[in-house]
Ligand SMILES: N[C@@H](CCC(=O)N[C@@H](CS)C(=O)NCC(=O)O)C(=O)O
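Consider the single chain below, provided in structure tokens and representing the form predicted alone.
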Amino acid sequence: MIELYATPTPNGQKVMIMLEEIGLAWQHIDVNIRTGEQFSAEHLKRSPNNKIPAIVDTEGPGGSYTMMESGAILIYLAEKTGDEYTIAGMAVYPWVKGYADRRIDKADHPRFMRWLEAMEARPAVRRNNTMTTEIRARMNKAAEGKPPVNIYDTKDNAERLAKATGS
């Protein structure tokens, strides 16, 4: 069980979303920052920097395990919940979704394909892919009639930067 000590600020919500996404049992324990509860002696034991969120994982390494700072909590939760969907998966997916352009044969890589299909079934990934298509179409339209730049040829980058900045 994860005990989340928080207020639903953006940092608190990050952890709430992650907990919902990964499906661990959890409960929200209110820390009302408007009334100064983050300065209570009890909360300072969990979060010595007097901030929210903080978690207590009752099934953590060695028993009860306390974490603070939203980014650290996200990494901890990702590491705790494994191989299917991790921060690494989120970071890698955009790079590998174009596997067909790299002549990767589906039949030769069944576990990769299973992982890729699981990623593509996620609502957040589907929304990303839809937005990506819309953004690329919008950018292609805006680029019509303009000369293309070879992004892999960097020899003219200093000149381009100087021209763009008026230096």
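Don't overthink the numbering: it's just position in the shown sequence, from 1. Nothing here was measured: the structure is a model prediction, and the numbers come from that model.
The following text describes the form predicted in complex with the ligand, which does not appear among the structures shown.
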Consider residue 69 of the chain shown here, and say whether it contacts the ligand in the predicted bound form, taking contact as heavy atoms within 4.5 Å. yes
Would residue 128 count as touching the ligand in the predicted bound form under a 4.5 Å heavy atom rule? no
Would residue 46 count as a contact of the ligand in the predicted bound form, using a 4.5 angstroms cut-off between non-hydrogen atoms? no
Does at least one non-hydrogen atom of residue 9 fall within 4.5 angstroms of the ligand in the predicted bound form? yes
Choose one stretch from 129 to 137, 98 to 106, 116 to 124, 49 to 57: the one whose residues place a heavy atom within 4.5 angstroms of the ligand in the predicted bound form. 49 to 57
Determine the residues of 1 to 39 with a heavy atom within 4.5 Å of the ligand in the predicted bound form and present them in sequence order; the list may be empty. 9, 11, 14, 33, 38, 39
